[in-house]
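Coming up is one lone chain in structure tokens, specifically the form predicted on its own.
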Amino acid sequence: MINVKMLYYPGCTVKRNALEYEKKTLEILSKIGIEVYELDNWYCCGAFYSLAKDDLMKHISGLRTLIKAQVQARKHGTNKLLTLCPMCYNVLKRVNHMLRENPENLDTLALFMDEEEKYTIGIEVLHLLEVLRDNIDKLKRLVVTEVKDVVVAPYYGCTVLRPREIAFDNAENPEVMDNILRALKIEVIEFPFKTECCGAYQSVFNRKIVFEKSGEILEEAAVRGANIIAVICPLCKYNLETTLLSLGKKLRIEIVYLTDLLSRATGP
């Protein structure tokens, strides 16, 4: 039974490299009564949030995405905009926050809009983890299979909870993913590296940094007894898997999306 509607912004990476992540997410959301509507004709959110205060041009893609959501919010009767990619969430949530806190920036950016209507800052940007957290009781009722022989290290990465003004959990020691997994009776370890950076986009410029950072995360998870690292970010998954393959010694550990584990527990 569908009782909640949400708009959905997939972003470039999910559509290109994480289609299974998207597929299982949509299946799980449907099971808990959430119907999503993908934005029409969406494009890149900008990928990075510019830290330069006078570099407003970098926020145009984010603003246009929010305006698209505003237009479709009227059609579908919801102002909630779901994201799966932590970087997309980070950019859209921070642009939204910046425009709310500095309305003069919205006036400046509006000068560069050709056909778009004015943004009224009414869209609520959400990450998948927030949605699952708020529906944890429904998830528990869906469990049909005990996920055996699995010990999970939850890995959040460094963008979904930073900076603090966009965070929906403790930025240093988040528990939302841990709690979701425990609610489904999946064993979770205490993992102090859960928000350490995997190396991010250094995979393009300096892979050695990625191997060092991701290697530390993999080693720590293995030492603590995990055989799975649960992720929510396509880039984190890529960096961890690439590093795992590069290691001279084999670690008996697998990198999977959180939704893979939820799908195992809740069945087809």
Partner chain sequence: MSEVLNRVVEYSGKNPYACYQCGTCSAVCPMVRFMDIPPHRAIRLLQIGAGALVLSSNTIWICVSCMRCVDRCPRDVAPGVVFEALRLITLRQGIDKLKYEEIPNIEEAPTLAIVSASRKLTG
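These numbers come from a predicted model, not from an experiment. Numbering follows the first chain given and starts at 1.
One more form of this protein, predicted together with the partner chain, exists but is not displayed; see below.
Within 4.5 Å of the partner chain in the predicted bound form, a heavy atom is found for not a single one of 8, 76 and 133. 197 is the sole member of 126, 98, 139, 197 with a non-hydrogen atom lying within 4.5 angstroms of the partner chain in the predicted bound form.
Under a 4.5 angstroms non-hydrogen atom cutoff, the partner chain in the predicted bound form lacks residue 29 among its neighbouring residues. Though the partner is left out of this view, residue 55 does reach within 4.5 Å of the partner chain in the predicted bound form, counting heavy atoms only.
A residue is said to contact a partner when one of its heavy atoms sits within 4.5 Å of a partner heavy atom; residue 203 meets this definition for the partner chain in the predicted bound form. Interface membership of residue 37, defined by any non-hydrogen atom within 4.5 Å of the partner chain in the predicted bound form, is ruled out. Residues 58, 61, 85, 87, 94 are the members of 58-96 with a non-hydrogen atom no more than 4.5 angstroms from the partner chain in the predicted bound form.
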